[in-house]
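Shown below, as structure tokens, is a lone chain in the form predicted on its own; questions about how it binds or moves come after it.
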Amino acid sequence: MSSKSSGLLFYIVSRILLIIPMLLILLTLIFIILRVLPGDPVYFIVSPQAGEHIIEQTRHELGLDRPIWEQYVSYLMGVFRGDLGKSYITKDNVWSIIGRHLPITIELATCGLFVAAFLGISFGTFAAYKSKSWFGVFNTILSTIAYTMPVFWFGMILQILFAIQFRVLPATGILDTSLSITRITGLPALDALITGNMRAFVDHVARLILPSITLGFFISGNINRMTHSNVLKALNEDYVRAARARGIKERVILFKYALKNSLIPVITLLGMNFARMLSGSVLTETVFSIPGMGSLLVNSIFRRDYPLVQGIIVVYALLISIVTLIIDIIYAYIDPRIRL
């Protein structure tokens, strides 16, 4: 094995091993925070008027009458065995509950990522090309607004405009109550296409537009700034001046020379923003009543469903860690200095 390959392998293994203490710290914090928050999960299952005997029996069944340290050790052992436990409320396995909601969040995040890429790259590129015009100033304001605007507020504005005022798009949900989609992959749009249910597909896509724009606009500010900066720098490089001197069309120079050579860090930034997509989906799904991981997390917190909240956080952390690891590996492969 060459020194280059062994160095890259060592870097990958070290990054994977770092995920373990990160998960351990995160799980510990979530475990403590949930039990410090006011509210007894038992009272979300049985009524306070049910009687002390039933309340204590329920607490015993849930294992909440055991010492905190014993609950903590038992939970950690379960996590490292791949067992996230059962929901206090529904009694369903946490993995199965997450499996029903995760594909919806992935679908929304993917659509939001495409919106963010389109808005950020197109506006950033054109603003770099027209940096000394009014559009350059407008783009600076737009990217700042996108970066600072609260997701929930922007989502509600879109609902008011397009769902209530103009009535051109649905305001909430993922499917009309009169329609249904046979579950195959868990991704509603893909399942509708596989089964040939075009009516449900069109309705679902229409309901994805507003939340995707909301989530994508939230991320596009960073992409816009990165694209603008890189393209502007590329347009001032010697090879671009040489291309202009050879009489190559400005359109070709902009897209083939400047933009193409600026996309690697932009694409990396899109991957790194996956974490922001997940955090943004919590508010977006709540505003648009989408039954994904975000709304599931909010409802689970309100109901003090400890196993479900902890399970969702574990899955979020694993997804973010995997995406970050892939980006780190790509960077280490491209730039050997990183793995030294």
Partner chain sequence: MSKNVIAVVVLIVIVGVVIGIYIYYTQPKPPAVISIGSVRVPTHLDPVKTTGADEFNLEFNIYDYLVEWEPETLNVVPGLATSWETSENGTVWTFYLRQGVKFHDGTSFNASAAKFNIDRYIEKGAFRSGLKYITNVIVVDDYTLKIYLSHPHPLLLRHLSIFIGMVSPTLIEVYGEDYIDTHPAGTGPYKVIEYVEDDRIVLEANKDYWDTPPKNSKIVLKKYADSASLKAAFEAGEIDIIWSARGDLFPTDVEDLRKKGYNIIESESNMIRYIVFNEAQYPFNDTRVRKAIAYAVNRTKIVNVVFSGQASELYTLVAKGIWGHLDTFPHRNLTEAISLLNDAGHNTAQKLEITLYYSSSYYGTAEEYVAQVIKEDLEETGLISVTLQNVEKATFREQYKAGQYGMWLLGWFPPIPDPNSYLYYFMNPIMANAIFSSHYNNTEADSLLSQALSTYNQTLRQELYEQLQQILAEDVPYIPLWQLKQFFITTDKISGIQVSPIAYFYFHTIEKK
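Because the structure is predicted, anything quoted here is derived from the model rather than measured. Numbering follows the first chain given and starts at 1. Rigid core here is just the name for the largest C-alpha set that superposes within 1.5 Å across the two forms.
Beyond what is shown, the protein has a form predicted together with the partner chain; the following relates to that form.
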property: Contact test in the predicted complex: residue 97 vs the partner chain, heavy atoms, 4.5 Å; result: yes
property: 4.5 Å heavy atom contact, residue 107 and the partner chain in the predicted complex; result: no
property: Residue 268: touches the partner chain in the predicted complex, heavy atom cutoff 4.5 angstroms; result: no
property: Contact test in the predicted complex: residue 168 vs the partner chain, heavy atoms, 4.5 Å; result: yes
property: Proximity to the partner chain in the predicted complex, single hit among 185, 74, 180, 195 (heavy atom within 4.5 Å); result: 180
property: Single option in 102, 79, 190, 163 placed near the partner chain in the predicted complex, where near means a heavy atom within 4.5 Å; result: 163
property: 39, 52 and 159 each touching the partner chain in the predicted complex (heavy atom, 4.5 Å); result: yes
property: Interface residues of 180-214 toward the partner chain, as seen in the predicted complex [heavy atoms, 4.5 Å]; result: 180, 199, 202, 203, 206, 207, 209
property: After fitting the core, residue 40 CA displacement of 2 Å or more between the shown form and the other one; result: yes
